[in-house]
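Shown here is one chain on its own, the form predicted on its own, set out as structure tokens.
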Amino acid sequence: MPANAAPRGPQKGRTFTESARRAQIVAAAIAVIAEHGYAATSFTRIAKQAGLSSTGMISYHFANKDDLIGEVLTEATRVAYEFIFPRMAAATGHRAKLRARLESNMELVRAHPGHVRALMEIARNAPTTPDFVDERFGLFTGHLRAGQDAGKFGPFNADAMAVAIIGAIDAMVIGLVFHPEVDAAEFGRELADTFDRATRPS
């Protein structure tokens, strides 16, 4: 899931009613993707979820499925950012911020399960790789290298460590999505402890 890439701002020039309708359609799309998967998501299913009489209202606001999916990514990323960023901002130092990022990624699954599942579905099945996939790699490598420069992390390959961290996050998120009985906070602590040991100075 996205670590904490900043979301894009709202488009100007739309009326309040238009913006509200778009938000309603995006929320319905997130729910449909989360429940049925990316491949099975259609304007027909989204219209039914949104309580619209036809798919024409969706086509009025979005040129095609890719256009709508782009807005879904923007909204889901915004929700993730607004959940994770304050927790990171409250932490002091590179090590504490890495811990906050890992723990909050796990907690995000319970706080916003539909958004997380929609992001997961799009990342795994969209015909082109979403920008957030590359963005979060850059965020992790940048944070790890900055911590190394500050002497807070040990001498490891930052690219390889970022891949390991992202892979571990994704694997644990999948587990939490499909096993709602699992304690997400405990998963977060274990994940943070693991990479705290792996990245600490020797």
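Don't overthink the numbering: it's just position in the shown sequence, from 1. Model, not experiment: these values are computed from the prediction.
From this point on, the text means the form predicted in complex with another copy of the chain, which you will not see here.
Peer 1: Out of Leu139, Ala27, Met57, Met161, which one falls within 4.5 Å of another copy of the chain in the predicted complex, going by heavy atoms?
Peer 2: Only one option qualifies, and that one is Met161.
Peer 1: Would you check, heavy atoms only and a 4.5 Å threshold, whether Asn125 touches another copy of the chain in the predicted complex?
Peer 2: Although another copy of the chain is absent here, Asn125 would touch it in the predicted complex, with heavy atoms inside 4.5 Å.
Peer 1: Using a 4.5 angstroms cut-off on non-hydrogen atoms, would Ser19 count as touching another copy of the chain in the predicted complex?
Peer 2: The answer is no: Ser19 has no heavy atom within 4.5 Å of another copy of the chain.
Peer 1: Can you tell me if Val177 lies within 4.5 angstroms of another copy of the chain in the predicted complex, counting non-hydrogen atoms only?
Peer 2: No, Val177 sits far enough from another copy of the chain in the predicted complex that none of its heavy atoms falls within 4.5 Å.
Peer 1: Under a 4.5 Å heavy atom criterion, is Asn64 part of the interface with another copy of the chain in the predicted complex?
Peer 2: Flag for Asn64 set to no.
Peer 1: Taking another copy of the chain in the predicted complex, would Ala89, Glu103 and Ala111 all count as contacting it (heavy atom within 4.5 Å)?
Peer 2: Not one of the three qualifies.
Peer 1: Check each residue of 141 to 176 against another copy of the chain in the predicted complex and list those with a heavy atom within 4.5 Å, in sequence order.
Peer 2: Phe156, Asn157, Asp159, Ala160, Met161, Val163, Ala164, Gly167, Ala168, Ala171, Met172, in sequence order.
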